[in-house]
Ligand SMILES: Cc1cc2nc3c(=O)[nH]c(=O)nc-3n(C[C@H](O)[C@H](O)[C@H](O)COP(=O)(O)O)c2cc1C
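Take a look at this single chain, the form predicted on its own, given in structure tokens.
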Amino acid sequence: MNKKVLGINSSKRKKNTYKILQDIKEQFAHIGIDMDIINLHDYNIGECMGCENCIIRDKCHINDDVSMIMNKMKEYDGIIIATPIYLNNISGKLKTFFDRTCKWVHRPELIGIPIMNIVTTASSGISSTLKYMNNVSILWGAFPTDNISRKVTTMDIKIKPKEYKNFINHLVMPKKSYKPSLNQLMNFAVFKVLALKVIQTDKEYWEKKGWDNKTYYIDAKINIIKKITVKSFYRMMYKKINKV
């Protein structure tokens, strides 16, 4: 298959969450997919200062490993993000990393890359955590696919191929065959308006990519009803937002 996947482990302990990544890595090896695993706790990841310098000037003041990790993510055909659930949400380390990727919300660089999420928990928080993680993928311009979850009572159940089937399908299919959800299209429309009317750095980036004349980042399959809905939403947003 000749595809490369990056697994991101955000648990400090290399136990349940990490073991699932290892299990998937072994299974992927049998179908010709190379998978690397990195542990966020092995890197220096500083807290976001909220200065918005990365958004406005495309440069972060913090000298740590975040830019390196973000650049590494762009080298892969697919990404798997794994986290234990703490207080019904992702681990603190992963949240800190997510916060630091805020420039990707304005100028996404993972366009069409399939992302699969893995969560482990003692009992609760699966639905809300996965919803948040999928939303981050959409904000990055990536493509959320499968979600795998395990509780204490199901931790010993090995991962089955059907649990990552959609992820594999998106790894191999041409991007023109993708079918973005209405949520993905609406997100594109919102940030297209912001790019064209609010932040100059975003405007230059979007125009260079040719997204200023598109309904979505890539020429994917979008049915006529979604197109009409999104175009109407975009026109309404464009009129409401004042140009800066």
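Note that the structure is a prediction, hence the values are computed from the model and not measured. All residue numbers refer to positions in the sequence shown, first residue = 1.
A second form of this protein, the form predicted together with the ligand, is not displayed here; the remarks below concern that form.
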| property | result |
| --- | --- |
| Triplet 5, 25 and 166 all within 4.5 Å of the ligand in the predicted complex via a heavy atom | no |
| Stretch from 167 to 175, 138 to 146, 81 to 89, 98 to 106 whose residues place a heavy atom within 4.5 Å of the ligand in the predicted complex | 81 to 89 |
| The ligand: the contacting residue among 15, 221, 235, 227 in the predicted complex [heavy atom, 4.5 Å] | 15 |
| The ligand: the contacting residue among 123, 154, 71, 127 in the predicted complex [heavy atom, 4.5 Å] | 123 |
